[in-house]
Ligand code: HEC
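Only one chain is given next, in structure tokens, and it is the form predicted alone.
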């Protein structure tokens, strides 16, 4: 084998390796599982999941990158998303941005709208109800990466509970005009 052939082979392997072979990220994408039947891919899908796992520069939804995204549920034990909650965010440069949730409780911010400098302070509000995170978001752009509704055999949360606004149901009730069922039944 000539020196040139060996060099070309090494260059090809290095190029292939640099083009996105990330087994950790691939595993995180695979862990999202299949889409929920009856919920088309779009703004209503995968509520409660870590959105930016897919919606990042090297993710399978790289055509729609998010700088921050998540889901707001009505209560700590329910699976109904809150429509019309406002996510109020302030980054480390004191830049402020607000985004409303859709009918399943999802919100997402594209870098063209706001590209925050972490850490970020966050408050969720709807009507008179307001909840603030007690600590800043250090660098994780997906609410669902830290706030996951994982319950063990003792009915205890295995991580931070999902993001919720009320102690129970939304006083306004679930969305009546949502094209998908806002009770996600997680």
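None of the values given here were measured: they were computed from a predicted structure. Positions refer to the first chain, counted from 1.
If you look for the form predicted together with the named molecule, you will not find it shown, but the lines that follow are about it.
In the predicted bound form, the named molecule lies farther than 4.5 Å from every heavy atom of residue 128.
Contact annotation for residue 119: none of its heavy atoms lies within 4.5 Å of the named molecule in the predicted bound form.
Using a 4.5 angstroms threshold between heavy atoms, residue 63 counts as touching the named molecule in the predicted bound form. Shown alone here, residue 26 lies farther than 4.5 Å from the named molecule in the predicted bound form, counting heavy atoms only.
Applying a 4.5 Å heavy atom cutoff to the named molecule in the predicted bound form picks out 131, 132, 133, 134, 135, 137, 140, 142, 143, 146, 147 from 130-147, in order along the sequence.
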